[in-house]
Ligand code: DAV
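Just one chain follows, in the form predicted alone, and it is written as structure tokens.
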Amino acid sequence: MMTNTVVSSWNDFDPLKHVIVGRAENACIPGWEPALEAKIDENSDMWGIWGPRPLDTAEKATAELDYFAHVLESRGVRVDRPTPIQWNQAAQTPDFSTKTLFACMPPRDVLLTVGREILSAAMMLRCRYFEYLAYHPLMLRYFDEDPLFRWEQAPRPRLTDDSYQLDYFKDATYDVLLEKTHRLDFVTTEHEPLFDAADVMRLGKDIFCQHGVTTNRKAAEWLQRHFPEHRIHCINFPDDPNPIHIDATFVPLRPGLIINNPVRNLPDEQRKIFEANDWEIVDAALPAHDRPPPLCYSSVWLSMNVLILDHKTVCVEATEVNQAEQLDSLGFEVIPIPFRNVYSFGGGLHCATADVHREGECLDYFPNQVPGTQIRG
């Protein structure tokens, strides 16, 4: 029997009770837009193409998502699914137009749950501007069922050309992009707040935002004003030439333990807040694959993109045997989930979900603050 909704989640590792799992039906490869080259380089099999993804790939991804939802339900987790809109259509605002929309596979990019609130992000890709509509029926339901639920929307960006450096990728080799990342110079500008929710790592009273392609400094400042009782920190990973989403780079597993992508290390200066509070940061295991699947935006480091069910249980993509072995050695029960066919639709197991309810309270995991990363509202 369905119970009424409780919206509450303060981190990514307390016991999971209610989650949204995305859908792959009718997903599209979007048409060209100013920031898309950060996701699709000229060697990609998606270079220069757009429109509906091949039907057989959507069917395979759908089967894996459905199986994932079934496993979660068998573990006592309530699972909700979004309602896809017609993604294969042109869309227009007074400021821009797109040939197609995207999909609703990765809810983690769109929805940020902080305590009793679910916040729709101010996303930076034009093709994803209307993606929040797929979650609108669920938000209405939660609003009716949970009298303490706060349903919020970050300021809707206009996404005019002022939000992008239009010549950013001109003659930009790997080394040039890496040098720009070291300077914190990205294709998105500081014209307006822009962020994907998947760039935000929630750790109780402290919230860490990756400053990169999809999240700018102004967004971190907006989040600090929006969540004045929290401490908002900007962190960055200068060895990543296209820093997009923190959850394949820096992943908290349980209180006091984080795995870090070994080729995208957190700088020593930014490690201090974790060291001062006795958090251990260990290098993640190497991916089991040397390339992503066809028609995939993401890197091989989706191996790290795991879903924690509680402090001792984790879902890992079934073929990512190196990551599974590492998590087993760290004391986790590992649940293998076939998910590689979903990778191309927007990410891994963490990307494919959005928290609605985890047990636990808003704890202070970082009582010893150090200067350097905190945003002052």
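Everything numeric in this text was worked out from a predicted model, so none of it was measured. From 1 onward, residues are counted along the sequence shown.
Beyond the structure shown, there is the form predicted together with the ligand, which is absent from this document and is the topic of what follows.
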item	value
4.5 Å heavy atom contact, residue 248 to the ligand in the predicted bound form	yes
Distance check, residue 202 to the ligand in the predicted bound form, heavy atom within 4.5 Å	no
Heavy atom of residue 299 within 4.5 Å of the ligand in the predicted bound form	yes
4.5 angstroms heavy atom contact with the ligand in the predicted bound form for residue 138	no
Contact segment among 139-147, 239-247, 73-81, 92-100, judged by heavy atoms lying within 4.5 Å of the ligand in the predicted bound form	239-247
Contact assignment for the ligand in the predicted bound form, among 27, 316, 351, 61, heavy atom within 4.5 Å	351
Residue among 211, 230, 233, 264 with a heavy atom within 4.5 Å of the ligand in the predicted bound form	264
